[in-house]
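As structure tokens, one chain now follows by itself in the form predicted alone.
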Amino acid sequence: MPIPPGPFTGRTLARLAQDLRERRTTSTDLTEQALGAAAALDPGLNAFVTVDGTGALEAAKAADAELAAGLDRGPLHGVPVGVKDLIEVAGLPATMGSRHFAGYVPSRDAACVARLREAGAVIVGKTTTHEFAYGPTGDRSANGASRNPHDPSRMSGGSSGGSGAAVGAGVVPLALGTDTGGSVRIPAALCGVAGFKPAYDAIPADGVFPLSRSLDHVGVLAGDPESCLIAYRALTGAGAPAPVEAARVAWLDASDLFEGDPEVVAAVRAAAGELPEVRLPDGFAEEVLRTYRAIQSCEAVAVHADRMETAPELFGEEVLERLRGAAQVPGWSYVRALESRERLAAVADGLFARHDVLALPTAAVTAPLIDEREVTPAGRPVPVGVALLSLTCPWNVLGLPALTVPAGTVAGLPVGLQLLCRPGDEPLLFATASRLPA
């Protein structure tokens, strides 16, 4: 059975901001609603590791007092937000989804959290992450599996699974996540919400525990793409975009990257509407996926090598196995991958030569069952991680802005449409999303 919709289901950030300023609600009211929903719904979701009721209510009262005094920090002022447990929040535990960090409480905020506070947002709590963000499924964490609000027997997706579940269930209207190969976009798509991975380093990663430093991106999840844009602007200080003409949009045939479930591909393509089609250049798919795996593997092992040697028993079995496999990747392949990345960036420019925005599915399958490790999207068995990551990870290699938006359902489960653009063309990306059928 689906999780009952929470209080923020269908409520956009723009509407919440308007209601706060027209005094139809208060930050205290909104925060109490979020805390109440977390208490009522999280036993079935496991979206949160920590809920900070006392701190959230104190921040909400301060936000109300500021608004009443005429101090308006912007559209996030007074809005309750969840923060992925990979991101440091001063005074709240940061477990990284692992027993290695049991009891760790940072004394400072990550840079992105500091920006949230400066924008007046109210941090409700920390959301469940796949252990060390090293997995796209969201069901391997010291906190247990985060669950899909549309069917709790299924994955939320990962690694920002708690953020996807919390927003998808309407517990909060906005959450922060991180994305190394799809970890914002995959849970957003599987949970039926919007998720935005900005260009590389657009939102600073200082104070965010790394998985792969040159692939990691901080991103946002919200119920709709306009809310993602509002949050992105608040976190980056970007000004209001000037009006833009309709973008030149094309459908990217991603079958070279991964042969997805035909029903998912058909549903997403129908949501995208009639578009011209482009194909990936010969050899691009193989090279970009090989480059991603080499970079992520070597950088992840660099982060965890000491822990692997001194306390391997504190890792979950699956993540330790992945790290040990990654440790077998030779150093020379990392150097070659960095060189390959430069070539791929030049080739990617060609994909945008005649188009501003490219559209493709976000994930090539609907949410698998929790603990499922093999799926058969096109009649052949493949690892679940490959099925979830193959259409998202190339854009981390290239540092491209990527937005996923809800694109209907298949067999009652959400699917997502992914939109890509070059850095600097984000206004065209969001303008495209705004013109999609609701």
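We number the residues from 1 along the sequence you see. All values reported here derive from a predicted model rather than from experimental measurement.
FYI, the form predicted in complex with a further copy of the same chain isn't displayed, but the following is about it.
Trainee: Among the candidate residues R108, R213, R354, R279, which is the single one with a non-hydrogen atom no more than 4.5 Å from a further copy of the same chain in the model of the complex?
Mentor: Looking at R108, R213, R354, R279 one by one, just R213 meets the 4.5 Å heavy-atom criterion.
Trainee: Quick check on this chain: which one of E339, E286, E118, E321 has a heavy atom within 4.5 Å of a further copy of the same chain in the model of the complex?
Mentor: Looking at E339, E286, E118, E321 one by one, just E339 meets the 4.5 Å heavy-atom criterion.
Trainee: Could you tell me which stretch in 185 to 193, 154 to 162, 328 to 336, 254 to 262 has residues with non-hydrogen atoms within 4.5 Å of a further copy of the same chain in the model of the complex?
Mentor: Going through the listed ranges, the match is 328 to 336.
Trainee: Although a further copy of the same chain is absent from this view, report whether A305 comes within 4.5 Å of it in the model of the complex, heavy atoms only.
Mentor: Yes - in the model of the complex, heavy atoms of A305 and a further copy of the same chain come within 4.5 Å of each other.
Trainee: Considering non-hydrogen atoms and a 4.5 Å limit, does a further copy of the same chain approach E226 in the model of the complex?
Mentor: Taking the distances in the model of the complex, the answer for E226 is no, it never comes within 4.5 Å of a further copy of the same chain.
Trainee: Does the 4.5 Å heavy atom contact test between A202 and a further copy of the same chain in the model of the complex come out positive?
Mentor: A202: no, not in contact with a further copy of the same chain in the model of the complex.
Trainee: Is V301 near a further copy of the same chain? Define near as a heavy atom within 4.5 Å, in the model of the complex.
Mentor: Looking in the model of the complex, residue contacts with a further copy of the same chain include V301, since a heavy atom lies within 4.5 Å.
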